[in-house]
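The form predicted on its own is given below as one chain in structure tokens.
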Amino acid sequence: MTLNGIDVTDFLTAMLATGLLRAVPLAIASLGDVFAQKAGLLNLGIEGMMLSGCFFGFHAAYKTESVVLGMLGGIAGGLAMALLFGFLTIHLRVDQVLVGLAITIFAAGLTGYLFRDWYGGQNVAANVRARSIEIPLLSDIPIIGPAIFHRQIIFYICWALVPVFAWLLYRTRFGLNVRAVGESPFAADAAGVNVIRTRYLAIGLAGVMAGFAGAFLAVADLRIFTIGMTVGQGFIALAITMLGGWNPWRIAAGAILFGMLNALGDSLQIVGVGIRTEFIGMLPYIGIMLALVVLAGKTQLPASLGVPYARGQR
């Protein structure tokens, strides 16, 4: 069976594979941001952290021709931006919204400047290729086999982090401290929890994951860097975190849904469906807006989200 000359099985396989791949950066960034938000930090700087991860991950991969060092470079870039966010909002208690937007603008300017200065603005490609594995028998299943069971190792690592983060948030003392700090930092402090350290660890973890997500995009997926290449994915991850109710499993499902809508738009263009490309490109974002409308009243934010904390002051 064909669709405008394209085999339907191949079409569905390609759409599923693309959707899952595009969901990875969103899921990874969202998983880290769960801890920042649960600790009371409204991390609007996540877009800048992802963009820093893209550039510094690409730069490390380009210079070393190593996927591993590229990913580590991206993590370092995201972590640096997160620590800057933490210093300004936790220690200096500057407004979190303003700092987050400033971090994003700063990262966009910094990466754009360095890209033009170091690479002359040319879209060079890193000579790296993430290793793939094929799982016997499962990879032969029509449609889902090639899309799920014949992928990069790092693809599986990323999705394996979902249960790890669910365990970390709900089954460990650190997760309990994070949730306590986000709901009532004064009560948590009275119970012996170091609020400042917990918030630093939470935003640091968010930065690591945002940088990892950016590095995945620039190193493992595209192997290039372009100015502003995240195109708002950090903010989408922020929305997915909230819409998923800060639950890693729901966040993963939301990221996959967004990725599939994104892939559907491209797939419809490939088969020549008579719909304007501008409308097709809007599909994932329309989905996010509809979810926000439907779930807005059911989403209960952490009580101290966006509220600065000073010991002894209320």
Partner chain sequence: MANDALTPRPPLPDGRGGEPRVEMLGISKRFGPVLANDNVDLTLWPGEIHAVLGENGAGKTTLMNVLSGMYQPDDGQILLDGQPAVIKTPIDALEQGIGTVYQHFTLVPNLSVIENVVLGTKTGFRLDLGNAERQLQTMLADFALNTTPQTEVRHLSIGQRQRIEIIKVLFRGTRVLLLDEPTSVLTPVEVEGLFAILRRLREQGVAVVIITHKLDEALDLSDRITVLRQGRKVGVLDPETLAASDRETSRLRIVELMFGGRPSSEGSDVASGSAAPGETLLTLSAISADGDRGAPAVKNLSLDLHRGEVFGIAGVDGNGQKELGEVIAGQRRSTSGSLAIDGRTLTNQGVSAISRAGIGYVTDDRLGEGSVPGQSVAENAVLKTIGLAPFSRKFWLNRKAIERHAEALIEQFDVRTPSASTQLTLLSGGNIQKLLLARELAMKPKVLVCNKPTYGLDIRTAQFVLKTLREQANDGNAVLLISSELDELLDVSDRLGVMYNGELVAIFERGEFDVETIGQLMLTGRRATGVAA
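Numbering follows the first chain given and starts at 1. If you're wondering where the values come from, they're calculated on a predicted model, not measured in any experiment.
Omitted here: the form predicted in complex with its partner chain. The next part is about that form.
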Quiz item: its partner chain isn't shown here, but in the model of the complex which of L168, A147, V208, C158 has a heavy atom within 4.5 Å of it?
Solution: L168
Quiz item: For L137, is any heavy atom within 4.5 Å of its partner chain in the model of the complex, or not?
Solution: no
Quiz item: Is there any non-hydrogen atom of I153 lying within 4.5 Å of its partner chain in the model of the complex?
Solution: no
Quiz item: Counting only non-hydrogen atoms and a 4.5 angstroms cut-off, does G192 reach its partner chain in the model of the complex?
Solution: yes
Quiz item: Hey, in the model of the complex, does A202 get a heavy atom within 4.5 angstroms of its partner chain?
Solution: no
Quiz item: Taking its partner chain in the model of the complex, which residues along 164-196 bring a heavy atom to within 4.5 Å of it?
Solution: W167, L168, Y170, R171, T172, R173, F174, L176, N177, R179, A180, E183, S184, F186, A187, A188, D189, A190, A191, G192, V193, N194
